[in-house]
Each structure stands twice: as C-alpha cells, then as structure tokens.
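Only one chain comes next, encoded as structure tokens, the form predicted alone.
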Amino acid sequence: MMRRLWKAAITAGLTGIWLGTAFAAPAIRLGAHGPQTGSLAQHGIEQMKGIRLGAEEFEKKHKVKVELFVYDDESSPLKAVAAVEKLAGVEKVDGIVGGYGSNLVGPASEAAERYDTPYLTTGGVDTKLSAKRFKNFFRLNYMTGLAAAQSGTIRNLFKAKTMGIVYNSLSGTTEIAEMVRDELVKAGIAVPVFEKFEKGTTNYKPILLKVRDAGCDVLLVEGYFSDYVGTIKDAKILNLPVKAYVGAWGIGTPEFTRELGPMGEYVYGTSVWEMGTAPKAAKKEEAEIVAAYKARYNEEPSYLAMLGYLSTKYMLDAIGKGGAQAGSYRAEQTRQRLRGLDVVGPLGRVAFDEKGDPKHFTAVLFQIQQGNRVVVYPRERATGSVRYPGVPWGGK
C-alpha cells in the first residue's frame, strides 16, 4: 500500500513539473504596427484583425502566452519608424509583423534592421525593399506576382486592345503601374493613358476624361481605398465608356463594400487569397481559419485579414521554435526558422529566398458579383465565371 502511494506521489510530482514547465514557458513578445488611422486605415484595420486572431489561436494551440504590442503608425512613414523603434527598443519584442504601404514599410524595416529584430510584412511590395538584403526582412507577397495577375487578366481574359492606367504617386503603386504597363506594351496592347495623381486627390474627373477621349477598353487604377472610391464615383458621373474597372489591393474589403455598395458591382481587385483558392493540401487549414475568424468577428475574412493571420502564425512558429534564450541568439534562431520555412498553406507554397522574398508567390484577380468576390484569373484558381464587359455605371 505504501509503495503504491509513494509511486502515485512521484507520478503526480512529475506531472506537476511538466505542466508547470509547459505553462511557465517565457511569453512571446510580438510587435505589430499598421495604419489604424489616416489614409491607409481601411487596409490596416483589416490586417490587424487577422494579426490579433493569429496571436489568440497560437496561444490556444501551443499553450504559450503571446504578449501582443500594437502601435498605430497613423499612415505616416515617420510614425511607422517610431512604432518599430518603440516595439524593438522599448517593448523588446521578439519579432514584428504588420506594416502597410511600401512607403511606410521601407523605413520601418530599416528601423527593425538597426534593432536586429525579425520583421515579417504583408503590406510592402516594392521590389526595392528586398534589394537592400536586410537579414531581418521577410514578406509574404511582392510586386511580381501582383503585376502578373493584372496583366494576365487584361491580356488573356479581357483581350483588351487599349488601356488607361492611372496611379497614385506613392512608390508601391507607381512601381506596379510601370510594371503592368511594360508587360502590356510588350504584348502589343496600347496604353495611350498613363497618368499619375498625388496622394490626397479628391477630383479625378480631369484624368478620367483623358481615358474617355483615348477610347480605352479598360481602366486600371493602381491606388488605395480613397482612390477607388473617388475614381468609381467620378466615373459614374462621367458615365466613363470602358468595359472594365481593375484595381490593385484593398478592393472588396468590408469597408469598401459598405462605402460603395452596388457601386462596387463588377469591379475587379487584385488579391493574394480569396475564399476557396487554397491548394487542396491546405483546404482544411483554410476552413479552420475562416471558421475561427467568423466566430471572432462575425464576418468572413478579407485577404488582408488572412495575410495578417498567416504572417503572425509563421512568425510565432519561428519564435517559439527558436529557443527560450533572449536577445541576439533568439533573433538569429527566429531568422533561421523563417529562412527554412517551406509549407503549403492557404496562400500556396510559402518559402523565402535569400532576400526575404516569397519564392512561389502568385496573386489572383477577382470580380465583385452580387456582393461576393469571385476569382476569375488565373483559370486554374477560378471560383466562377467572369462578367465582361461590365462596370457599375454602365460603360460600353
């Protein structure tokens, strides 16, 4: 009897030690910055929803406390730098996710490099960002895959003859506009209108009149939330005679739908992920993330939210596997884990090259149909058929 009691006591003690170790593991300190106010807030808010859910789900799954520090960079490059400096220098976070807009992510990533802190973004696609070859810089999406989806749709699906391209003068939108223009011209498609507008523009009619006068088949707007709202509303006023309206990132978000309603019908957006586009091997993971997101926010996730979630998951996995040591050792272990990442997830295959770029990234083009985002290109990832020609104001 005594022997059995002694053995039970030893077992209970060992179990207590194991449980204590599991739950007493050092908390992971994760930093996040993004525009929660200012001109890019509509994008950053969506991104941050995914980040918050990603941290919560990681805690549940791994029983490791995640201390999430979120800073609003107010859509300002200077505030983005200040946010990263506070996260890395004051909060002493183990890694940073977030950032939206190449003009914000660029200086923010420089700050992360100075503080030797791993930085994984989903909102900076300018090719110049990775050309710096920072050891701490990683991203899930970049310009080449986004531009290829736009030019491929216009060339192969629309078979357009003439294009009007108007773009925000910020670095990321300027680069994708130039990249798509070059690809279309190379394919024999005329681009008689290639015009930039400044951030904060509210009257787009003069630039849209050039598109009308040139007889363009398609209008491509490389911009952000306010640019889409402004150009679509002005195009309606002018009854712009085009067959399609194509935009870059941020179209189809809940805010976009609430602001434009029926005026968003038939509009095309560039996306990294849409419901149902995950590879077969990642369908289960996609469904689990969507279910958790719906339970948390009572709405379906946008691609920005999915990007925020996955960047958080991959960063926390890398930090958690990097060991309990703090400082430079843990940072290097986290970087090694990120460099060694090679998984198939909702975005497709994810692995980083020596510059931190995603080696296998491809984007999709979707069209809003009856309020739903229907992927139409590339055909192998399509979830429905295209409605072309078609713009919400009539067109031609």
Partner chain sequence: MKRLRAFRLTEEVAAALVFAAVAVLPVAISFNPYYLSIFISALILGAVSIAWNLLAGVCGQVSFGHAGFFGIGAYVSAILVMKAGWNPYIAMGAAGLAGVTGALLIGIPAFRLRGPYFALAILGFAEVMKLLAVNLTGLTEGSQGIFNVPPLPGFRVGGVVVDFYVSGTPNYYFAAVLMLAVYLAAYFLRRSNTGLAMFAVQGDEETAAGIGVPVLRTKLVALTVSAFSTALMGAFYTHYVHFLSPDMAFDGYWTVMPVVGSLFGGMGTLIGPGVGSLVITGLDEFVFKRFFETGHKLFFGLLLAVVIVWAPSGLLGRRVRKTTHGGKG
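If you superpose the two forms and keep the largest set of C-alpha atoms that fall within 1.5 Å, you have the rigid core. Positions refer to the first chain, counted from 1. All of these numbers come straight from a predicted model, not from anything done at the bench.
What comes next is about the form predicted in complex with its partner chain, which does not appear here.
For its partner chain in the predicted complex, the listed stretch (151 to 159, 180 to 188, 167 to 175, 259 to 267) containing residues with heavy atoms inside 4.5 Å is 167 to 175. Using a 4.5 angstroms threshold between heavy atoms, Tyr115 counts as touching its partner chain in the predicted complex. Residue contact check for Pro279: none of its heavy atoms lie within 4.5 Å of its partner chain in the predicted complex. Though the partner is left out of this view, Leu129 does reach within 4.5 Å of its partner chain in the predicted complex, counting heavy atoms only. Taking the partner from the other structure, its partner chain in the predicted complex has no heavy atom within 4.5 Å of any heavy atom of Lys243.
Each of Asp72, Lys79 and Asn103 is positioned with at least one heavy atom within 4.5 Å of its partner chain in the predicted complex. Pro107 is the sole member of Pro254, Pro107, Gly320, Gly145 with a non-hydrogen atom lying within 4.5 angstroms of its partner chain in the predicted complex. Taking Arg52, Arg337, Arg29, Arg330 one by one, only a single residue has any non-hydrogen atom within 4.5 Å of its partner chain in the predicted complex, and it is Arg52. Shown in the overlay between this form and the one not shown, fitted on the rigid core, is a CA shift at Lys196 of 2 Å or greater. The Cα position of Asn168 differs by 2 Å or more between this form and the one not shown after fitting on the rigid core.
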